[in-house]
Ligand SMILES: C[S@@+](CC[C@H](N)C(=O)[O-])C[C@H]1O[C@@H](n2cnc3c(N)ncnc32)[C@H](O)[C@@H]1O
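Just the one chain here, the form predicted alone, laid out as structure tokens.
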């Protein structure tokens, strides 16, 4: 394995520091996000219950657990050992592994589906082709990717969240160039959805969701 890029190390350090506070803040976020749950439901129908699905950048396992409740054979992967400890604690019946989306320890074509739910947002733009290419590699032909991210042109910088001495940029991107990038690495984009801000969610900016097929 190659040494982790600096942005990967920074991301791991950030989430290791804030894991418990993050979980406490966002543990019920899907309860107030019916459109997000609907997109996950559509993804689950496209993938079906037979193939293996990976929740890449799973954090404390909230999305992993929801996908499992929809009947998917899903496991979670994350950089942060602290996030994974919470995911295992909260979801003892599910599998969680530590690893990087840039270097997945999976054979070619191993997955029927992959989810990147706000987990590509710490990867620099110039490294996204590597990330999406790696995800495509581990998807079987016809496998599906669900990708979520915030919409915008400037990063949202988080400094000392909950008083922890860490900082990280959360990149915001436009759905059109993201869809083009997926197409360039060999995906076919099936849907492009933008959810605008709602009083019932924590989101303060529009959120984009792409479903693509290998």
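Positions refer to the first chain, counted from 1. These numbers come from a predicted model, not from an experiment.
Keep in mind the form predicted together with the named molecule is missing from the figure; the text below concerns it.
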{"query": "Contact stretch among 135 to 143, 86 to 94, 68 to 76, 113 to 121 - heavy atom within 4.5 Å of the named molecule in the predicted bound form", "finding": "113 to 121"}
{"query": "Contact of residue 106 with the named molecule in the predicted bound form (heavy atom, 4.5 Å)", "finding": "no"}
{"query": "Touches the named molecule in the predicted bound form: residue 128 (any heavy atom, 4.5 Å)", "finding": "no"}
{"query": "Partner contact for residue 58 in the predicted bound form: the named molecule, 4.5 angstroms, heavy atom", "finding": "yes"}
{"query": "Within 92 to 112, the residues that have a heavy atom no more than 4.5 Å from the named molecule in the predicted bound form", "finding": "99, 100, 101, 102"}
